[in-house]
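First, one chain by itself: the form predicted on its own, in C-alpha cells.
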Amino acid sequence: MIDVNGLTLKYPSGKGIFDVNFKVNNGEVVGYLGPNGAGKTTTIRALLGFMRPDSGKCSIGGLDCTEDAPQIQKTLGYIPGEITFLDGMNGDEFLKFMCDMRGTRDFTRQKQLIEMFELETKGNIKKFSKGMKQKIGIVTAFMHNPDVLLLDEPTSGLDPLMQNRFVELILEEKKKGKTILMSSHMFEEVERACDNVLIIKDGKIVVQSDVIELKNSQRKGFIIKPADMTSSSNILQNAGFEIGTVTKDSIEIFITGEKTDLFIKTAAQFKVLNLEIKAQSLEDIFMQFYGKEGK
C-alpha cells in the first residue's frame, strides 16, 4: 500500500534522507523510530506530497505521492508532528470545516472518537492545552475512516491514560485492515501496536524487522547473584562476556548470538544463588543502534 523506493531528499544543511527504501503492506502497522532530525518527518512529508524528493519515488495505493498528492490526500489520515490550527476557530468549527472539505456526511465515527478521547470541542482552539490540540488532531485524522494513515508522533502531549486509548484505537483500526505508518518516541506503544519496525539513523534506514524478531535477535540480559562475587566476576570476565551493572551481590551480564550455551556452562563453574532474565524493551534495542547520541 505504501511503497518508498530510493527516496533521497537533502536539505542545504546536508541533512535529510538518503536512498530510503521500505514497503508497508495493506493492513500492516509499521513503527518508524528515530530521534529528532533522523529523517522521520521528512519521509512522511514526502509521502504527503509536501516535499519533492531529489531522487527516488514513493507511492500510496499505487498513486505517485508527488504527482497525485491531491487525490491521495482526499482519503488519507494524517497527524503532523507539530499541529497548527486556523486562528480564531473553535474546536467544533474546525471539525466541521474538515468534514466540509472532505465531503463527510456521516458523523458517527467522529462522535465515537470525541467520546473515546473525552474531547471538549467547544472553545477557541488557540486556548486549548497541547493535549487537547493533539486530541483534535487524532479525531481529525481518523473521523473519515481512511484506509491509510500517516502518524507523526501521534501521542505527543497526551497523558498516559489517553496514550493507552490511542494504542487501543490503533489496534481497533488494525483489525479493520487499515494501513498505518507511525513515527514515535513511545517504544511501548510501538511494541503493542506495530507489526514491524523501521529504525532510521542519520537519514538512512538501519533496521527493518518484525517487532518480535527484532527483540529476539538482539543481545539478552541476565542478572546473576553468585555466592562468591569476586571469583564469579573474574570467571565471567575471562569468558569474554559483556558486564553491565555490578552491585554488592549481583552482576548484570549481556550475551549476543549463540552464546547462551556458553553462558550456562560458565555459570555452572560457581554457585549461583539466583538468576533473573533482564527484560529487553524496544528502547534497549533502539539505543544499541544510537548509543548516547540518541538521547
Partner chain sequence: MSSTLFKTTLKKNWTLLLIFFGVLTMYMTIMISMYDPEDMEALMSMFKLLPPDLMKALGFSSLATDLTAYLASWLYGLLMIAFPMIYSIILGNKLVAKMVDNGSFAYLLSTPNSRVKIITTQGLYALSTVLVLFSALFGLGVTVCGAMFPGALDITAFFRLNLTTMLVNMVVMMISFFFSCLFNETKMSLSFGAGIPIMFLLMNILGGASTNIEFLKKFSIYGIYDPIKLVHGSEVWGVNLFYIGIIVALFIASVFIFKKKRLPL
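Here the structure is a predicted model, which is why all the values come from computation and not from measurement. Residue numbers count along the first chain shown, from 1.
Here the subject shifts to the form predicted in complex with its partner chain, a form of this protein not shown in this document.
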Counting only non-hydrogen atoms and a 4.5 angstroms cut-off, does residue 119 reach its partner chain in the predicted complex? no
Consider residue 57 of the chain shown here, and say whether it contacts its partner chain in the predicted complex, taking contact as heavy atoms within 4.5 Å. no
Report whether the minimum heavy atom distance between residue 159 and its partner chain in the predicted complex is within 4.5 Å. no
Although its partner chain is absent from this view, report whether residue 20 comes within 4.5 Å of it in the predicted complex, heavy atoms only. no
Of the candidate stretches 92 to 100, 175 to 183, 199 to 207, 161 to 169, the one with residues having heavy atoms within 4.5 Å of its partner chain in the predicted complex is 92 to 100
4.5 Å heavy atom contact with its partner chain in the predicted complex for all of 83, 87 and 140: yes
Taking heavy atoms and a 4.5 Å limit, what residues of 38 to 52 are near its partner chain in the predicted complex? 45, 49, 50, 51, 52
